[in-house]
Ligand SMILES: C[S@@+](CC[C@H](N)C(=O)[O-])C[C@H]1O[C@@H](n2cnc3c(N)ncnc32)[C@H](O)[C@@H]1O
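Consider the single chain below, provided in C-alpha cells and representing the form predicted alone.
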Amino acid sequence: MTPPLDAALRGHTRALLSLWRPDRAGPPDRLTHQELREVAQAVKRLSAGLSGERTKAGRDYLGTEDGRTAYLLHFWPVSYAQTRAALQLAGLRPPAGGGRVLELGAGPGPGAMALLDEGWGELHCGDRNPDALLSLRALTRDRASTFLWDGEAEGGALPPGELDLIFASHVVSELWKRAPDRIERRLATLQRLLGRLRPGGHLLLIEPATHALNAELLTLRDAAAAADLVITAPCVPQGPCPALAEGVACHAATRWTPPPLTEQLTRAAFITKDAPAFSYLCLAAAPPPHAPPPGAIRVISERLTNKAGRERVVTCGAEGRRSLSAAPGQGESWREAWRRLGRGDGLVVEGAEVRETGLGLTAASRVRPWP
C-alpha cells in the first residue's frame, strides 16, 4: 500500500535526523536551537551555490560535511516529494512484482525511498559519492543495490539487464553544463539509456524549475521530439513545445504539508518550499498502446482570479497554449475537480465554450483527470 506523502515524510525526516546525529540526543522530528542555527547556515550556503551562477552544480557538494548536512536535512525531503509527484503526474506505476529500476545520481536516497514507497521493486542506484550511497543504503535498509557512477564518463558501467524505469533527478542539467554542445551530448545519453528499457519502459527526468534550466529541459525535449523519441509527459503533442516557442516556463509543483523539520529550516533560512516546483520530462521506449484521449490538456500555470471572481489557468495540449476559465458558482458536476486542479495536472474537458481568451467551463461542461 502506498503511504500518504505527508505521513511518509514525517517518518523519513525522523530517520534523516537519526542518521545525521547518531551519537547525539535531540528531538526526534526537529532540530535543537543550536543545531538549527548551524544547519540553516549550511542550507543558505548550498542554496546559494545551486542558484544564480550555480557554482556548486555538477560539483561533489555531498563530499563535504556542510553540503551533506544541508542536503540531508533540507533538500532530501523536497526531492522525495518531487519524485513522488512526478511519478504520479507522469502516470508511472510499477508492473506486477515491482519492476526493475535504475536511478542515476541517486545521492543519499530521496528518489530511491520515493520509488520504494510508490511500490517499485528492484532498485539499482548509482552516484559518484560513496558516502552518499552509504546513507542511501542505511535509509532504504539495504533494499537498493548501489554502484559508483559519473554521468560525464564515457561508457560508464551500468548494471546489466533490461529495465522498467530509469530515473534521474537534478542530474541531466549538471552534465556538460558549460559545453556549447551540451544539448546534443545529453540527447545522446538519453538515447543510450532508452536502449536499456524493456518494451513499455520509461525514462523519467526531474530538473529545477528555474526559468533558465526549465528552458534547457524544454530545448532537450524538442531535440528528443525531432529525433523521434517518444514523449509521454508532461506533453500531449509530440511536436515543438508551445511554451518554449513563446519563452514561458512549463513546470509542475507538488502539494504537501512540510514536516516539522522542513518548516523549521525554511523559516530559519528564509527559503520558501510550501509547494516545491520542478520541471520533468518522461520518455518511453516505444509508443504507448493508447494515445492521449481527445481534448487532453495539462495545466502549466498557477490559478489566477480576475476582479469578477472568474478563475483561470493556462493549459497546453494539441491546440497549443490556451486559457481555461470558470465563473464562480456552485453545483456543477465539474466544480470539485476544478477546485482540486493545480499546476502540472492533466485533464480532459468536454463541452467548454470558446471565449475570446480561450475556453470557458459552463454548466454543461465535463472535466475529468488524465492520465
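Note that the coordinates shown come from a computational prediction; the quantities given were computed from them, not determined experimentally. Numbers follow the displayed sequence, beginning with 1.
In what follows, reference is made to the form predicted together with this ligand, a form of this protein that is not presented.
- Among residues of the shown chain, G151 is one whose heavy atoms approach this ligand to within 4.5 Å in the predicted bound form.
- In the predicted bound form, no heavy atom of W334 sits within 4.5 Å of this ligand.
- The closest heavy atom approach of Y280 to this ligand in the predicted bound form falls outside 4.5 Å.
- Not displayed here, this ligand is approached by S79 to within 4.5 Å at the level of heavy atoms in the predicted bound form.
- For the options L175, A225, V299, I271, the residue carrying a heavy atom within 4.5 angstroms of this ligand in the predicted bound form is L175.
- A single residue from the set R128, R137, R196, R182 has any heavy atom within 4.5 angstroms of this ligand in the predicted bound form; that residue is R128.
- Only one of 105-113, 158-166, 92-100, 234-242 lies within 4.5 Å of this ligand in the predicted bound form by heavy atoms, and it is 105-113.
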